[in-house]
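The chain below stands alone and is given in structure tokens; this is the form predicted alone.
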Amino acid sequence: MNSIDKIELLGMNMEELENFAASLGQPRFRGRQLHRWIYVKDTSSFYEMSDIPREIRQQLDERARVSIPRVLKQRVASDGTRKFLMEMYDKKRVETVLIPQSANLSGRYTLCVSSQVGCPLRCAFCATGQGVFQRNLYTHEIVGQLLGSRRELKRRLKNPEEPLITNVVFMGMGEPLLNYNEVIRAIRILNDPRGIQLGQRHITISTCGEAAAIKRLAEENLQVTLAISLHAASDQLRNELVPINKKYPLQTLMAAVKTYTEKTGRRVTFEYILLDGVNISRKDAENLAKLVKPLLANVNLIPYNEVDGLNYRKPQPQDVTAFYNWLNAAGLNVSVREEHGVDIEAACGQLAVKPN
């Protein structure tokens, strides 16, 4: 069978793998074995699945594949952040970032995954949006970023204790809610206690403001964290910085967020990039406080990470502090993000696959 025509097993849940095993005339427990090898052992070669008889492994290899993305390049930042350039089955490439949760690199990590190859939204300050949007990622390619990262960690760090990826954030390349079905399916696989076992509350979906999908997400009965990339508190400025605002202006977006918080009872996080001389005046802070205060929400301030070729600049520390203080005084629950991986262009807004 041509490799392109083989059945992709990565991205199937346990019941689907059991059905696949049954379709080969095998008992359903073979599907459970496959599930464990793929989602617990990060195994893509059927010949390594030692508790499956050799003749069945050969049959699997003829009929199916497990396409864990290939790590083409790895860069390690001074703070221990790792950026992987990953290649999909069709040679499309994305960047994935692994962030240590403590300075002593104790083995707990947050993984920042991509949901699209490129991004169609073209936010003015973002490196990803300056490139060409190519396609959505499939469920197996999203989940595969975790398996590939975990496998790379085990190989590179040679640590007898398996490093734990305990959090996943959909903050990499692309707009997750424009790839809604694949992202939700990936979350359910990440959450499966029989496999990867990632708690829903350890998963964050970040959106630039796809309001219709936010309302849809409210009906999923998920306990994930929703983060809104706001970056401006007036329609005029947000139209310039985040063009999706022309489709879903602030009034529409805030109504969707209100629906989400009322339906789920969960706080949302508003992410706000601080751009020197653009959106950090006292008036900007007042507008932001007025917009956000009525909602069940946190505000996460992100000092800009500069991108070659773009004219936006990182603000001075005293200006970040002033903006924080204005919001805090207005009664908002506000924090300043500690950025990771800036020296390898792995921080917020810096991901972009460069041409070969």
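Residues carry their position along the shown sequence, with the first being 1. Keep in mind that what you see is a predicted model, and the values were worked out from it rather than measured.
Heads up, the form predicted together with a small molecule isn't pictured, but that's what we're talking about next.
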Triple contact flag Phe125, Gly174 and Asn305 to the small molecule in the model of the complex, non-hydrogen atom at 4.5 angstroms: yes
4.5 angstroms heavy atom contact with the small molecule in the model of the complex for Glu152: no
Non-hydrogen atom contact Ser206 with the small molecule in the model of the complex at 4.5 angstroms: yes
Contact flag, Ile273 vs the small molecule in the model of the complex, heavy atom cut 4.5 Å: yes
The small molecule contact in the model of the complex: Thr81, any heavy atom under 4.5 Å: no
Ser229, Asn279, Asn245, Thr96 - the one with a heavy atom within 4.5 Å of the small molecule in the model of the complex: Ser229
Partner-proximal stretch of 265 to 273, 192 to 200, 211 to 219, 279 to 287 relative to the small molecule in the model of the complex, 4.5 angstroms, heavy atom: 265 to 273
